[in-house]
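Given next are two forms of a protein chain, the same chain in both, each as structure tokens and marked structure 1 or structure 2.
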Structure 1
């Protein structure tokens, strides 16, 4: 018995509950569904909801909390001297117990005890699974009994089902909102811990980024440098190059597809162009590292320029290619939404098609285009894989696109790779960078949505 089989069993019981509710509705209708308050399918949905929803909720809660409960029981069964261990060592011990339960090899002085605890862990898991099965099946049986008692000809099944659906939608909305709030608060709290150790002015205006903290106080570089200006500069440099590539190409392609291309050509070009949006960013990173960066380096050497093997130019060019569908799709939709009457009025005054596009359509669609560009900038700022593979990890404060630079997102990934202590400035710096990145992208998104809203209010 495992939770996967239980889930599929609950799905099957849900189907059977639907059939049962519908059959029960027919049985109480005295041969005519006109006697029913709702459609038979509504009664089926009502019975299905009572049968499986409580059990599924229990299953989800159990999956989230059972491991923690089992670990707490194991901790209570440990010898007193082990229960008094620090939290970090206790966590490592529980991790070894879990590995022993999975049959993995373990090492240490307490191998025999850990293996015994691993067996106990498996016993608790089995007992937990059995209890879960019993409770879920009991809830299903209770739901069926409730449905059998309440499904009558005049029962408002449709109203009850709609209330349940509305409640489910509200719950999903609250989960999304609470998740967002939790992410923001976690980043803020960890950033506060960082700024208690590193001054805010040093972080925002420092010109050197070297977050490597030494293990010993007498070690060279025992105090890291946390000036984030090189990261901000590298992010702006690569994003700027990407937008120089993406905005003209994306805008011009959208103008062609919206104003010049025939329906047949548009039906071919638009899906082909948007294929770029479906390519994983790691593939773009490989393309940048193995093709674009060597070409730029060889071309620069042919001109007598010193070009790094990993450069901001290579990352920016490939990132711009990746963002082209983003700019093109939004601009195409905005240009196509310009009222036809404005085009016809311009043609009636004797303007050519190119003059109409330049003097009428583009100014009318400009707010929406600007909003799309701002959203594309947010996308460029948050990109990581291309920069890691094509621009490197060097935090250089430079405006030369031929040199290696790094960005905020790359440093966040670098700082959080591997086992880290979440009380050192090195690790907490990732949360401070994430907070700055969050505020910047939030500001850009607010500006973009405000601009797009003004456009929609004007023409809708």
Structure 2
């Protein structure tokens, strides 16, 4: 009697419900399906929906919420002095109880109590599953009864089924909205907890970042500083290097492909350049960290320069190469969208092709190109794996591309990989950084999409 079995049983019941509905429709049709309002299969689908959809919805909600409900009940049954424990310790206790329930060995002072609670936990879980089975089967029975009662020759099953289908489609499209809401809520909720401990101004304008918190009160040097300016500066430095690489190369290659290259060359070059965007970023990260960074370091040493082995230059360079296709494919689109008449007018005045491009086409396409560049910047800021693998961890406030800097995304990863405590500012800081990252990229995307769309309308 577990939830997976229930799911398969419900699927089976759905098939049976379909057959039942169809049969019922035939039975009420007085021998000819011409008497039916809808096709027999519509009645089948109608019966199937009535039978299993409510039960499946219940099952889904139950699966999502039951473990929390069980915890709540368990906590309510605890002796009052334990209920008064802070949230984190209560969480640890529940964890122990769950481990005990799974039969794993546990350590601690209250082994006896925890064993007991573990037993209670199992009991509650069993009760919960039983209740779920009962409720689901009751819902199925109710659905069947409803279908039995309603399916008759004149019943408009098709309209009902179609309404349900459209409702299902609406639900699908709602998930996109829910995702955004989920993102906003999850980062904002934890960020508020963070800003309760660290003031917003210190986070936004502080010049020092060292998120290690002291474990003992008398520890030296680990007071935890959460000034994010060095991270923002590092992110901007690396993204800046990336754009210095990506914009000229991307723009020039798209101009060449749109204006000079023959159709055949273009049809080969374009997909090949797109490969750059299809390579997973972890591959670029590996390449940047193990090949490009040492190359740059050795080259710098040969010139007598001091180059960090995790220099911003290596990460930025590789990131720039990755971004080339984003710049080039968008500029390619907008350059091709410039009307022919403008080109021919320019040629008619005796301008060479490059003069036409520089003085007519690019100014005309500029808004679109800017939009594309903005999208590329947002991608560079949010890019994670390349910087995690090739950029450093130390928060330097520097503009020197040969030094190691760290970025917002690197810090999010380092703060959240490993042990997490959701009451220490160290973990919560990751969500505050995530909030900043989300807002900045969102702003860039909105502006860029707006600019690109406005530009498209201009020439349509």
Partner chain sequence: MDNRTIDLMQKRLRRRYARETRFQWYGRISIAIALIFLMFLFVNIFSKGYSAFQQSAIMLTVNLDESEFPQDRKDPGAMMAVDYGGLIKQSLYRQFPEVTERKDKRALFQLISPGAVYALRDQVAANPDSIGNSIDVWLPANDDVDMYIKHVADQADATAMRLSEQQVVWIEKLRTDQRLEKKFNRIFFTSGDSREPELAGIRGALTGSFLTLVVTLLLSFPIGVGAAIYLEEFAPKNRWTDLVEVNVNNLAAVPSIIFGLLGLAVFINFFGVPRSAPLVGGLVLTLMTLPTIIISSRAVIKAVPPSIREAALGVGASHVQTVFSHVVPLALPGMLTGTIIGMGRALGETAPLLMIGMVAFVVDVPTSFTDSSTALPVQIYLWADSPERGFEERTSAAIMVLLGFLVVMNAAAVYLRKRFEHKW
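Positions refer to the first chain, counted from 1. Keep in mind that this is a model prediction, so the values were computed, not measured. Note that the rigid core is defined as the largest set of C-alphas that superpose within 1.5 Å between two forms.
Looking at the condition given, the form predicted together with its partner chain, one finds it describes the source of structure 2 alone. Core-aligned CA deviation for residue 148 between structure 1 and structure 2: 2 Å or greater.
Once the rigid core is used as the reference frame, the Cα position of residue 95 differs between structure 1 and structure 2 by 2 Å or more. Once you line up the core between structure 1 and structure 2, the Cα of residue 298 stays within less than 2 Å of where it was. Taking the core as reference, the Cα of residue 65 moves 5.9 angstrom between structure 1 and structure 2.
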